[in-house]
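Subsequent text provides C-alpha cells for two forms of one protein chain, presented individually as structure 1 and structure 2.
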Structure 1
Amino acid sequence: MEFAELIKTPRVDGVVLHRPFMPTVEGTLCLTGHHLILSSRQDNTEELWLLHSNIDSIEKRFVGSLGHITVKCKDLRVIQLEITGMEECLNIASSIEALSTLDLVSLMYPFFYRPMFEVIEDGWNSFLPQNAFKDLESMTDEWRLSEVNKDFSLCPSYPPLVAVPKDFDDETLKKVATFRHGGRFPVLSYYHKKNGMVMMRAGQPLTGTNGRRCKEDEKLINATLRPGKRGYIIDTRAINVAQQAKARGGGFELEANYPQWRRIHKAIERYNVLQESLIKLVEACNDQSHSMDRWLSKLEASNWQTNVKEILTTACLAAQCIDREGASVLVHGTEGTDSTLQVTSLAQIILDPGCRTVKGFQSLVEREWLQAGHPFQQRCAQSAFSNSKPRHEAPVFLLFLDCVWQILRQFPCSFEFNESFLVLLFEHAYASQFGTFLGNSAAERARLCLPEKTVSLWSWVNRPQELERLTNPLYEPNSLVIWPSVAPQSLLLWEGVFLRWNRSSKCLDEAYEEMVHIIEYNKELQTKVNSLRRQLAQLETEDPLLHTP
C-alpha cells in the first residue's frame, strides 16, 4: 500500500495553528506518510512535527466555510487547526484519520526513520539477558540461564533466555509450563544481594475446578526457599476474581500443595477498568469549569490515585517480605504480563539502588517490561481521547511510571534521573520514531527484525547531551532500601503528565534553572573550600608555628 493513496490533500496554505500557552501560528500544513507538519515563514516560529501515530482522535466542525479540526494526541496534548474551505478541511481530516489508524506494524515510522545523530552505543545490545546474568553469577551459583524457550515455542511471551534454579533441567521446565497460564512458568525476577532472597514471577496456575496439581511446579518454587523458611505468593487479584478464574481453567496455588507458602491477595485493577480511569482523569484535568467541588469529585471518581496507591502498596509488601521478613516471593495475577510486572519492577526500585540510576532504570524496563512480555502494542494503541471501543488498551505502563514519580518525589536525591526521563518514556511508549516499544513480546520483535531495521530508544537516550538533560542535579547515590509512604496525603497528581498542556510551565522551568544554578555554584564553592584547605595544610607542614592551639 502507498501512503499517497490515503492523502487526499497533501498541502494547504494559510492554516492557523492554536496551541495552549503558545502564540498562534499561520503557515503551510503538509501531510506525509507519517507526519502532520505545519511550518511558517515567520521568524522564531517553531515548526510543528506531529507523528500520525501520536493522534488519538480528531473532531471537526464548520463555521461557514471555515473549518476547525481539533487534534487530540496520545501524549494528552490538544491542538486546533483552522482551515479555510470545507472540501480541503474534510480532505485533511479524513487523511489524518486514515493515517493515524494504520494497524500494520511494518508501515510504522520506526521502519522508515533514519537517525540524524551518531549512534555511539547500539541500544539493542545494551541490556542483553546474558550480561545481566553475569552480575547474578558474581553473587550466587544457584541459578542458570536456560535456553528452553530459544525458539519461543514453550512460552510466546517470554524471551529466549530465562533464569531458573540450577538443579532443574529443561524437560522439567516444559512440564511446569503446561501448568501455568500462557506457558509462563516461574522465572527469576530479582535476587536480593543482602540476604539471598529472591522474587519470581509467573502466570496463574491452571488448577481449574478439579484442583489439578503439578509436582514439578511445587518443587520448582520450593527450590528457592532456604531450610526452615516460608515464602509468600502475592496474587494481584482479589480472592473472588481468583476463585472465578477456576471456572475458566485458571486458579491459584492451593495451601495443601504449597504448605511452605503463604498466599496473599492484593486487588490491582486490570484492562478496561484502568482505561476508563485514565479517560475520567484526563477529562477532569481538561474541565475548564473552575469549580473546586467539581474538580475534586471528578478526580476522586476517576480512581486513578486509588490505583496508584494499590500498586505501590503491593510493591512495598513484596519488598518488605524480601528485605525485612527474609522470605522469597512469587508474584502473579492472571497472565503475568501487567500488574505482575508493575509489582516486581517497583519492588526492585525500592530494594535496589542500581535501578534508580539512568542505565539501571533502562535495564529494568528492558528486563521487567519488554523482555518479560508486556504487550505494549496492544496496551498503548489508544490513549485517553480515542472514540473507539477499548479492546486490549490499558495505561499499565503509565501507572508504573506514575508510581516511580511518586517515589522520586518522596526521595528527590536518591534517583539519578529526573521527571523528564519518565515523561519521555511515557511519550515513546505511545508514539515513537524508535523501535523499542513496537510489538507485544520478544518473539514479535525478533520476527519483525527490529534490531536490524529500527533504531533503539536507548541509542538516543545514552548520548552525553541527552543524558545531561535527563540527569537529576540533586542526585546523591543512596545504597539503602527506600520505603515510600502510600498514605493518601503522600500521593499527588502527576502534574508533569496530566496538567502540562493545561497551564504554562514557565515558572516551573525558571525555578528548575535557578535550582541547577545554585547547585553548580555550590559545587564551585566546595571546590574552592577544598583547595584552600589543601593550601592551609601545606602551609602548616612547612611552618609549624602556623598551627592553631
Structure 2
Amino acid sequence: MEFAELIKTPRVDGVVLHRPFMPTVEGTLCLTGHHLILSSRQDNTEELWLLHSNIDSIEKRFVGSLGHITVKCKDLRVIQLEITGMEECLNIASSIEALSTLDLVSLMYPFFYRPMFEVIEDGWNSFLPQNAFKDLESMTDEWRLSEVNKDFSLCPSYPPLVAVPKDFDDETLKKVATFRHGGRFPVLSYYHKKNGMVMMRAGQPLTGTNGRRCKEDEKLINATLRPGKRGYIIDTRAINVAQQAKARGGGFELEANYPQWRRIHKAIERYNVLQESLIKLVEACNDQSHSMDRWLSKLEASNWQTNVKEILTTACLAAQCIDREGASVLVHGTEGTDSTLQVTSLAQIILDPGCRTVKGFQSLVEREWLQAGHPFQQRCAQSAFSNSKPRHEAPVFLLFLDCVWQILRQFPCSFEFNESFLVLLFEHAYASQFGTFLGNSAAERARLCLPEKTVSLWSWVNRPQELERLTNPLYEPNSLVIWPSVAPQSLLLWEGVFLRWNRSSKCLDEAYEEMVHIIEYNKELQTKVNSLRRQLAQLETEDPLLHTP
C-alpha cells in the first residue's frame, strides 16, 4: 500500500497552530506518510513534527469556511489547527484519521526511521538473556538457562531462553507448559542475593472445574523451596475472580496439591477497567470548571490512585515475603502478562538497588516487560482520548511507571534516573520512531526482524548527551531495600504526565536546572579543595620552615 493514496491534500498554506505554552504559529502544514509537520519557515519559531501514531483522536468543526481541527495525542497533549477552506480541512482531517489508525506493523515509522546520531552501543544487544544469566550464575548454581522455547513453540509469549531450576529437564517443562495459561510455565524472575530466595512468575494453572492437577508443575515450583520452608503464591485476582476463572478452564493452585505454598489473593484491576480509569482521570485533569470539590470527586471517581495503591501494595507484599519472611514467591494472575509483571518488576525496584540505575531499569523493562511478553502493541494502541471502542487497550505499563514515580518521589536520592526518563518511556510506549516497543512478544519481534530493521530506543538513550538529561543529580547509591509508603495520603497524582499540558512547568524546570547547577558547582569546588589540600600537603613536606611560624 502506498501512503500517497491516503494523503488527499499533502500541503496547505496559512495554517494556524495553537499548542500549550507556546506562541501561536502560522505556517505551512505538510502531511507525510508518518508525520504531521507545521513550519512557518522562519528560523525563530519551532516547527511541529508530530508522529501520526501519536494521534489518539481528532475533532473537526467549522466556523464559516474556517475549519478547526483539534488533535488529541496519546501523550495527552491537545493541539489546535485552523485551516481555511472547507475542502482542505476535510481532506487533512480524513488523511490524519486514516494515517493515525494504520494497523499494519510493518508500515510503522520505526521501519523507515534512520538514525541521525552515531550509535555507540546497539541497544538490541544490550540486554540479552544470556548476559543477565551470567550475573545469576555468579550467585547460584541452582538454575539453568533452558532453550526449550527456542522456536517459540512451547510458549509463544516467552523469549527463546528462560531460567528454570537446574534439575528440571526440558521434557518436564513441556508437560508443565500444557498446564499453564498460554504455556507460561513458572520461570525465574528475580533472585534475591541476600538470602537466596526467588520470585517466579507464570500464567494461571489450568485446573478447570474438576480440579485437574499436574505433578510436574507441583514438583517444579517445590524445587525452588529450601527444605522445611514454605513459599507464597501471590494471585493478582480477587478470590471470586479466580474461582470464576475455573469455569473457563483456568483456576488457582489448590492447597491440597501445593501444601508447601500459601496462596494470597490481591485484587488488581485489569483491561477495560484500567482503560476507563485512565479516560476518567484525563477527563478530570482537563476539567476547566474552577471547583475544588468537583476536581477531588472526579479524581476519586476515576479510581486511578486506587489502582496505583493496589499495585504498589501487592508489590510490597511480594518484596516483604522475600526479604522479611525469607520465603520464595510465585506471582500470577490470569495470563501472567499484565498485573503479574507490574508486581514482579516493582518488587525488584524495591529489593534490588541495581534496578534503580539507568541501565538497570532499562534491563528491568527489557526482562520483565518486553521479553516477558507484555503485549505492548495491543495495550498501547489507543490512549485516553480515543473514541473507538477499546479492544485490548489498557494502561498497564503507564501504571507501572506511575508506581515507579511514586517510589522515586518518596526516595529522591535512591534512583540514578529522574522523572523525565519515566515520562520518556511512557511516550515511546505509545508512539515512537524506535522499534523497541513494537510487537506483542519476543516471537513477534523476531518475526518482524526488528533488530535488523529498526533502531532500539536504548541505542538513542544510552548516549552521553541524552543520559545527562535523564540522570538524577541527587543520586547516591543506596544498597538497601526501600519500602515505599502506600498509605493513600502518601500517593500523589503524577503531574508530570497528567497535568503536563495543563499547567506550565517553566518555573519548576528552572528550579530543577538551578539545583543541577548548584550540585555541579559543588562538585567543582570539591575537586578544587582536594587539589589545594594536596598542594598544601606537598608544600609542607617540601618546606619544613612552614611548620615554624
Partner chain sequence: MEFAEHIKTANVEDVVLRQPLQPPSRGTLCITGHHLLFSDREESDSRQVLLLLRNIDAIEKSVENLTGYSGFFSNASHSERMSGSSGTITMKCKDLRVLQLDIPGMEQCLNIAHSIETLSCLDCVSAMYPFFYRPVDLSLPEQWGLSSPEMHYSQMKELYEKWRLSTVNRDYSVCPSYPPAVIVPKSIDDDTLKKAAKFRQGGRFPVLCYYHKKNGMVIMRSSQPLLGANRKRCKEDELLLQAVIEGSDKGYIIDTRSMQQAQQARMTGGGFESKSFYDRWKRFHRQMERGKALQESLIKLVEACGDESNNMDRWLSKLENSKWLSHVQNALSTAGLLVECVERDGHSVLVHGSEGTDCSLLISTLAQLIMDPCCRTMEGFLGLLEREWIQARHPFQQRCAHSAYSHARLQQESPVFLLLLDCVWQLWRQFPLALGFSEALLLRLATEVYASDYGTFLCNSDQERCALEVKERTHCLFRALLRPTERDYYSNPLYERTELAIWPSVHPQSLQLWKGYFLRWTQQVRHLEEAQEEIRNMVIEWGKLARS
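What you see is a predicted model, and the numbers here were worked out from it, not measured in a lab. Basically, rigid core = biggest C-alpha set you can superpose within 1.5 Å across the two forms. Residue 1 is the first residue of structure 1, and the numbers go on in sequence order from there.
The form predicted on its own corresponds to structure 1; structure 2 is the other form. With a cut-off of 2 Å and the rigid core superposed, Gln526 has a Cα displacement that reaches or exceeds the cut-off between structures 1 and 2. With the core held fixed, Thr24 shows a CA shift below 2 Å between structures 1 and 2. Relative to the superposed core, Leu536 moves its CA by 5.3 Å between structures 1 and 2.
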